[in-house]
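Okay, here we've got a single chain as structure tokens, the form predicted on its own, with questions on binding and movement later.
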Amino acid sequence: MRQSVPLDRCTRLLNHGPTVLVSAEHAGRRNVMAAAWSMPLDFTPPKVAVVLDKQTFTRTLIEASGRFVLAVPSVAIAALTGQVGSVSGRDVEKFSDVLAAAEPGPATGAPLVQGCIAWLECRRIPEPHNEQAYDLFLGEVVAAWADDRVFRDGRWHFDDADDSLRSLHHIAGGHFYAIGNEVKYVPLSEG
């Protein structure tokens, strides 16, 4: 079910703008949070950006460890995504109290949350000014995977998969939408 995604194609896992789960681990403490502001940043080597508020426990773990995972949750875990985004890891052990399971990523050791449809293991690229001024963190993707029921041959295939496997998109106030159907077009050069 989970297949490796070549690093030269891994930014495609985020280019449709999904909500992500950001997970990290340091010194035996782990945490996960939901984030609506993330994006692919570069192809070679692949890089990503994510906004992490100064108050989040996940940010503290990333600053200490230099590693994190961006995971794309599915409709099937929408309630869990909302829950981990609404409580602090300083107050709740999210992996034992909220989530069913996670395993350490083989490249970074940061937790890979089960029930997601894509995972990007990242190494933090320290940019102190951007982190302090804008809460903007950069990471180099060092390994990536996707659920082959919805991502194969280098692209998403949501239309021919179960609706529970669609990605989530946060629109504010705790409301999510699932990605919609593909819109086909004929390029002008062919029409």
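Heads up: residue numbers just count along the shown sequence, starting at 1. Since we're looking at a predicted model, the values are computed, not measured.
Separately, the form predicted together with a further copy of the same chain exists; it is not shown, and the next lines address it.
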Do N130 and a further copy of the same chain share at least one heavy atom pair within 4.5 Å in the predicted complex? yes
Check: Just to confirm, F57 within 4.5 Å of a further copy of the same chain in the predicted complex by heavy atoms?
Finding: no
| Quick one: does A107 come within 4.5 Å of a further copy of the same chain in the predicted complex, counting heavy atoms only? | no
Q.
Please determine whether K47 contacts a further copy of the same chain in the predicted complex, using a 4.5 Å cut-off between heavy atoms.
A. yes
Within 4.5 Å of a further copy of the same chain in the predicted complex by heavy atoms, the stretch out of 26-34, 140-148, 161-169, 58-66 is 161-169
Contact check, 167-184 vs a further copy of the same chain in the predicted complex, heavy atom within 4.5 Å, ordered by sequence, gives L168, H169, H170, I171, A172, G174, H175, F176, Y177, A178, I179, G180, N181, E182, V183
